[in-house]
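One chain comes next, on its own, written as C-alpha cells: the form predicted on its own.
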Amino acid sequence: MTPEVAMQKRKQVIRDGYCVVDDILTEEFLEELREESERLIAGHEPPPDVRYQGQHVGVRGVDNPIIQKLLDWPQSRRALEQMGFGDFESTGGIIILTKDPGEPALYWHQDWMLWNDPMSCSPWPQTMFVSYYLTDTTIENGCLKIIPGTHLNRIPLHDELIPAHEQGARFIEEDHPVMFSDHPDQVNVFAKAGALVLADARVLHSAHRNLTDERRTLILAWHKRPMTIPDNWEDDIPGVIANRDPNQEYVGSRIPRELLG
C-alpha cells in the first residue's frame, strides 16, 4: 500500500469499523490454505449450536505449521504497521468459518466482550477480527454484512438483539425477524480471494445465506492491542479512558450498556 492508501484504510477502520485490503495472500499460499482448510474440515463434525457459523474449526498455530505461517504472514504484519496498527498481535489461533451450499445466514451481532470497561469508549480499535477469504465473496454465497459506525454509536438494533453466540443467539430460529433482518444502513462487504478484511470487534455484523452450490470459506484470526492509549493517537481521548483505573478489574459482558453512546 502507498502511505496515502494506508491512511485511507486506517481512517475507514476508525470511522466505519472495517476495511478491506486486497492481495494480501499469494496465489501459492492461498492454494495451500485451501487444501489445509479442506483437510481440517473433512474430519470435523460441527456441533448443532454453531450451524449459523458453519464448520467453525478452531486451530492453534503451535499445532499446525501452515496456520502458524498465516499468523506470521509478513504481508499482513506490514499492512497493519502501514495503517498504524502495529501494536496489534495475534491471539495465537484461528477459526475456519464456512457457508456450505444452502446454509443459513449468520445473525447480527458484535464480538466485544468487555462492555463494562471504560475502554469500550475508545475511538480507536482495541480488538479486531482479521478475516482471510479463500474464495471471492458475493451476496449469493454469503458475504459479510456490516453496519458502519456501530462500533461507536448505538442504533435501535442494538437494543433489539439477542446476546451473541453461546449467550443466546446460537439457539434462535432461522426466521427470527430481527436477528436475520436487513438494515437500511448495512454494507455488503465484497472480498476477493486472498484479501484481508479487518473489523473492529464492536461493529455490528452478520452474513448472508449461501445460495450457491459451492462452499464459501474464510479463516478468522483475532488480533488485540494493549489496554492503553496508542502511542500514535493524536485526536481527543474520552474522559472515561483518560481517567480509567488500569488496575481495576472489570466484569466481562457482551451487552453494550451506557458506554455505547
Ligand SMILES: O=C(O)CCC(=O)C(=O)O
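Keep in mind it's a predicted model, so treat the numbers as computed, not measured. Note that residue numbering begins at 1 and tracks the sequence as displayed.
This protein has a second form, the form predicted in complex with the ligand, left out of what is shown; the following refers to that one.
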Within 4.5 angstroms, counting heavy atoms, which one of the listed stretches 228-236, 31-39, 214-222, 62-70 is next to the ligand in the model of the complex?
214-222
Work out which of 191, 119, 106, 130 lies within 4.5 Å of the ligand in the model of the complex, going by heavy atoms.
106
Note which of 114, 134, 152, 144 lies within 4.5 Å of the ligand in the model of the complex, where distance is taken over heavy atoms; exactly one does.
144
If we define contact as a non-hydrogen atom of the residue within 4.5 angstroms of the partner, is residue 198 a contact of the ligand in the model of the complex?
no
Proximity of residue 53 to the ligand in the model of the complex, heavy atoms at 4.5 Å:
yes
Is there a heavy atom of residue 97 no more than 4.5 Å from a heavy atom of the ligand in the model of the complex?
yes
Within 4.5 Å of the ligand in the model of the complex, counting any non-hydrogen atom, which residues from 180-217 show up?
205, 207, 216
